[in-house]
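Let's start with one chain on its own, the form predicted on its own, as structure tokens.
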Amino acid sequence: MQDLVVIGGGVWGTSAALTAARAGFGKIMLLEKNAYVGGESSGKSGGIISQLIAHPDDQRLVARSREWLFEAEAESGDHSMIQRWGGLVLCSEAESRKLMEVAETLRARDIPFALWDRAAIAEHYPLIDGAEPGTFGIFSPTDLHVNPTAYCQSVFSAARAAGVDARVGVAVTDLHLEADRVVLETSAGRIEAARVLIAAGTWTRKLTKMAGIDIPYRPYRVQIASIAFSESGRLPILSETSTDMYITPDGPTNLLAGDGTQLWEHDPDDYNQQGDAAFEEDIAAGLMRLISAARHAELRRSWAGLCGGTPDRRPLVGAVSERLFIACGDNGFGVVRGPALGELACRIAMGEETAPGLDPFRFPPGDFVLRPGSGGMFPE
């Protein structure tokens, strides 16, 4: 019997499995239903690692996640995993007060930043020539872009090297609780465990329902496009609070641009994974509005992924029964906190920590209104 089984090979699950192995928590197994790790929500994300985060708990999680990321980069030797572009958030004049509040949190944490008006934005980044009059920007030079799939592959390899029985291509088909164990029926046969941590992203609710447990969690759809743009390397990670659009360099000649949020529930086993034509038109228009030179850009492809929504836009991390634990609820900014949330969930499953503010049952199961957010920058 396994001491701990982690279900899900994304940023959260791989980090959790490696945490358990490093703690020496007996026999550890990691299960990923796909043939490779980091290919679902993690791999479909924008990969933005920003320190412009309002919630104090998230600030700590982001700081810890950055440590995980830098460690993975160093141990893997993959210096394309993290790109140090810096991040620029554009706000309207009406949001300037909130912008100053964010600046104060950065100052208190000794994180470098700069506040720019429209002229300063154009001076530092001449390509951004379409900002509206009255636009303000906050620039965080230490913001990063990460390749989440490369991170997951690195941590997966480290977990295996540390003794984790890490398996890909193994789907959980049933899950039920017994007095002294959790029994998993999988595509590779029956597996029994003393404890199970579900870190399966937008499949988490389907898995808990197999055990007769419902959680306040709803997947919703977001979209992203890959765009060929020869000037990408002259831009920062760029986001716009008024539209929730983000643009990030993905190497020197490619951009990732996204939003396309659809705030209604989607089935993770049955949704359109291709970008919509309307999204492609909107993102092209938004890109050209801010960057006139982008009229020469070309769409490579677009795709859609799912985010996990919760009633208060905070994660669900903790026990749902004596032996079953969950970590889900990225709410559109999961990778930036993911390594630390995976670590925290594992420590809760091992009985070492608690996180009452993230209790999965702080809201009753059932329907709730899905809400867009500002990537965690402004307080809810």
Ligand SMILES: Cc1cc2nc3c(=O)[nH]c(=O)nc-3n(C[C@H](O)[C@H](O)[C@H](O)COP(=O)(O)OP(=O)(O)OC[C@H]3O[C@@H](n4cnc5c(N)ncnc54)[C@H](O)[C@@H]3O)c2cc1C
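All residue numbers are counted from 1 along the displayed sequence. Everything quoted here is computed from the prediction, not taken from an experiment.
Unshown form predicted in complex with this ligand; subsequent notes refer to it.
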* To do: Counting only non-hydrogen atoms, choose the one of 330-338, 64-72, 51-59, 315-323 that falls within 4.5 Å of this ligand in the predicted complex.
  => 330-338
* Structure fact -> The one option of 137, 309, 201, 236 with any heavy atom within 4.5 Å of this ligand in the predicted complex is 201
* Structure fact -> Checking 82, 245, 106, 170 against this ligand in the predicted complex, the residue with a non-hydrogen atom inside 4.5 angstroms turns out to be 170
* Asked: Taking 4.5 angstroms as the cut-off for heavy atoms, does residue 4 touch this ligand in the predicted complex?
  -> no
* this ligand contact in the predicted complex: residue 33, any heavy atom under 4.5 Å -> yes
* Looking at the partner-bound form in the predicted complex, is residue 305 within 4.5 Å of this ligand by any heavy atom? -> yes
* Does at least one non-hydrogen atom of residue 44 fall within 4.5 angstroms of this ligand in the predicted complex? -> yes
* **Members of 1-36 lying within 4.5 angstroms of this ligand, judged by heavy atom, in the predicted complex** => 7, 8, 9, 10, 11, 12, 13, 31, 32, 33, 34
